[in-house]
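Next up: the same protein chain in two forms, each one alone, written as structure tokens (structure 1, then structure 2).
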Structure 1
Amino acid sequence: MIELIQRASKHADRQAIFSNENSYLYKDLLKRSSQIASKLLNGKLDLNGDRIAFIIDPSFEYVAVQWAIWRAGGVAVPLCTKHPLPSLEYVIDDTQAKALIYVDNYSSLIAPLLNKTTGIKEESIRDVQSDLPDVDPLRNAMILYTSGTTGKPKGVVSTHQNIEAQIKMLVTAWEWSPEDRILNVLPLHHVHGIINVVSCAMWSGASCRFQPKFDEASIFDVFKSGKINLFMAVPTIYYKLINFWKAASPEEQKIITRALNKFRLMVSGSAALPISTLEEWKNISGQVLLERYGMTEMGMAISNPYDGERVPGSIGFALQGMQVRLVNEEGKVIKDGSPGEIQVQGPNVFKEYWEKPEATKDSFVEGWFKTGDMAVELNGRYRILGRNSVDIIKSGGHKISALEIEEVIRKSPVVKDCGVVGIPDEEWGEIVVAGLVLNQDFEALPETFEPWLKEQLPNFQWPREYLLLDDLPRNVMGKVTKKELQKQFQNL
């Protein structure tokens, strides 16, 4: 049986989740996930790895559906609730999802997909019960989509064993206990929210409170209520919270600060934490943010210590159970403190990219997963230097492929060529910008271009600035020089 779910019966009468003003016990989660699993099985003994997509805001219903898919022997494919139809359709097609579970507020968005997959409305699932299969931990559990430097997003396949290893590592390292109470404000189609927040809480018999929409005032209200002792977020969220605190009255600031002082732990990750954010948050909350480093393909790999010095600008040490090495461009393992690519090995590392054996093979060398992130190491402590590809942008904690956006923009009849890059931004880490070469018929960007593009991409991928160019900057070989394009934007 899946250990995460087995453990829940030990905590049956404890509060597991608080969402939409309701409190749910672990036994409620077990019961509802069993009903949904029975509905999915519909008389079969086992889903045998069928992919089941779902689009549900972070909530009790989300976790019940995720557990149901696992309990029925399926593979959970959580969809991004902010994705427009073309991106959702891509995931449904790529996974050949057998079913799509949705809640009422997504009915019209997903309606066009129901000729490709069977739609199941979560609210319509009644009390059905059947025997559930015994699921081997080596079986596939989840597919999360991630952008890379080539082609369309790839589905990262993790087994139950991978997920358990990811959870156990963090529960141990950050000393989770059943007394913990965490607030989730993150989307649940990424590892950060799914594993670090929700699954670690559920594994520990702790309680998770959901806030479906990011909103600073309500987050501070929850903090002030004293109901939470743990918080995890991306640097952009801390940046937004700091600005909200600064705008509050001195009296309100004191109340918030008193509440934050009582937290057990606050974690930052998914993108580099600016030292200014770390320091400002420390002044406001008395908390030194614990920065850690991870990736969809492996969960977390490197973390500052729970007990011990959290050094600003450093991501800390390899987590227990992880092997980490740095490798230079010649493929030599580095031991002298010079920069190299982070490569990792461990039970938490994903199994494969969904139906992409070549891409899977290319992402490993001698059994080590190549992260594409550059770092330096001193006495076991790592510091990230950035990505080794300019085509990967991190904005608001979202990993974005410049190439994917270019591919969409090039479909516009207005555009002859384009180059997309990320440029540094205090709030978002980076923002997406695009250099455009227009087709001869157009002297300026028609007003219809942006509204059209916004229908194709989720808002975190929208270019925030444009430059109209006669040609993209190129080197002597004619190849677009993205670094030069970045400079052109930064010199504006």
Structure 2
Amino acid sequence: MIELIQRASKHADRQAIFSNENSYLYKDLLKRSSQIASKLLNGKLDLNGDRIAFIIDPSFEYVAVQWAIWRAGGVAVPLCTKHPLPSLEYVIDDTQAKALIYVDNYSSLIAPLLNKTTGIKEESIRDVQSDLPDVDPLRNAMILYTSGTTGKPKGVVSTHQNIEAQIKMLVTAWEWSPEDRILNVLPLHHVHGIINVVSCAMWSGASCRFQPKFDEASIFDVFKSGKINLFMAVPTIYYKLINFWKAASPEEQKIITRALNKFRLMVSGSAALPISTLEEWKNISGQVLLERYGMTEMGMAISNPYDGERVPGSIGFALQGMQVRLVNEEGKVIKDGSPGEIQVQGPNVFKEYWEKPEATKDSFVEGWFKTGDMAVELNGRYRILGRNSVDIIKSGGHKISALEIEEVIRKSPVVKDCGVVGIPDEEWGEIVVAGLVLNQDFEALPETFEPWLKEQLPNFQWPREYLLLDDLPRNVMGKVTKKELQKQFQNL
């Protein structure tokens, strides 16, 4: 039995979701997901693991469809609403999706896909009911696609048991309760939105509010209403909210700050949180953002404490139920504070890459999942150094953390944002380069910038080249796509 859905009946008359100016109770969610599940079964007893894709904006309808797929015995394949047609087609082909559920505003986008799979318009599903199967927790539940920085994106398969283990970890670690009310501004093809926000709220009997689109003014309006006490976002969103606050009148700033002071918890994730952003948000809101660490293949593995010190630049401690270790290039476990690759074991770690047994095998060593992320550890607390493929730059025998250089550059009043990468160099192996987005007061990099930076960094960390950009290349989660930034330097 799917415990997430079973628990909803305990909160039948509580508000589950607020979206599109409508309030929905848990019993509404159970009823609508049952109708959609019955439509998907269409006389069958069980979908038996059929992959069902869906493209729906974050909303009550989204959650109802996802639950319906699970309740019918299917595997949910959420599609990114911002991806172009070829990307959607790749997922449909790769999963051999038996059906694609969509809402009317995506009709024209997905029309070319309907010769590959059965299209079902969500609005067309009426009041149908049938018996639903009993779904074993060990069955596949969801396939999410990685960003595909190397080769084609891989489908990450999680079971119901994986998902439930992750939810339980986070509900315990972050002390969720039925009284919690969270605002979701994140896309729901990613664990940050699906699991950390929506599923944890639904498990707890809490309420989740969906924002139709990202808009700083309307988000602050929701905050000021007092109807929200939790918020989770990516660093880019906090950065935008900070800039909106700075542009507001002094009186409006005070109103916003008073509202933010009342929040129970604010979390940042999906990308490294610049210390400067953490400090500015603390000054504005009184909230020390809780930074945590995870990825598609395992959900969350490490988190700063809910109660206890949240150290800037740290991702915290292993979550209860997780085993975490650092391993050097020789495969030896590190315990002396030196940099190493994060490897994890736990009940939330994914089952496999969809139909890629070799890639699955290569991603594990002796049962430990190899994250590809580098960190250092001191007294159980981890500090991320970056992705070993793009954030760890190997130059002249040095292993250089791009994130550490970025943190220094962001302290400059000249720079609005930056991205540091390594590019191939015959003499050094790689050299450090930096893409810069300047503050609006600057049209060019002033002569004082480089001398200032050289005072802050050892010479082996100095960027050798700079590229001035209107914005850094990003994916739909707001994370800087460093492979793309590297290409921009190599194409100069």
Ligand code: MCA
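One-based numbering along structure 1's sequence throughout. Small disclaimer: the values here were computed from a predicted structure and weren't measured. Between two forms, the rigid core is defined as the largest C-alpha subset superposing within 1.5 Å.
Participant: Look at both copies of the chain and name the one that is the form predicted on its own.
Facilitator: It is structure 2; that copy is the form predicted on its own.
Participant: Report yes or no: are Glu366 and Glu426 in the same rigid part between structure 1 and structure 2?
Facilitator: No, since Glu366 and Glu426 fall within separate rigid parts of the motion between structure 1 and structure 2.
Participant: How far, in degrees, does the smaller rigid part turn against the larger one between structure 1 and structure 2?
Facilitator: Spelled out, the smaller domain pivots 144 degrees relative to the larger domain.
Participant: Fit the two forms on their core, then tell me the C-alpha shift of Val420 between structure 1 and structure 2 in angstrom.
Facilitator: Val420 C-alpha displacement between structure 1 and structure 2, core-aligned: 13.1 Å.
Participant: Using the rigid core as the frame, report the C-alpha movement of Gln486 between structure 1 and structure 2, one decimal, in Å.
Facilitator: Rounded to one decimal, the shift is 4.6 Å.
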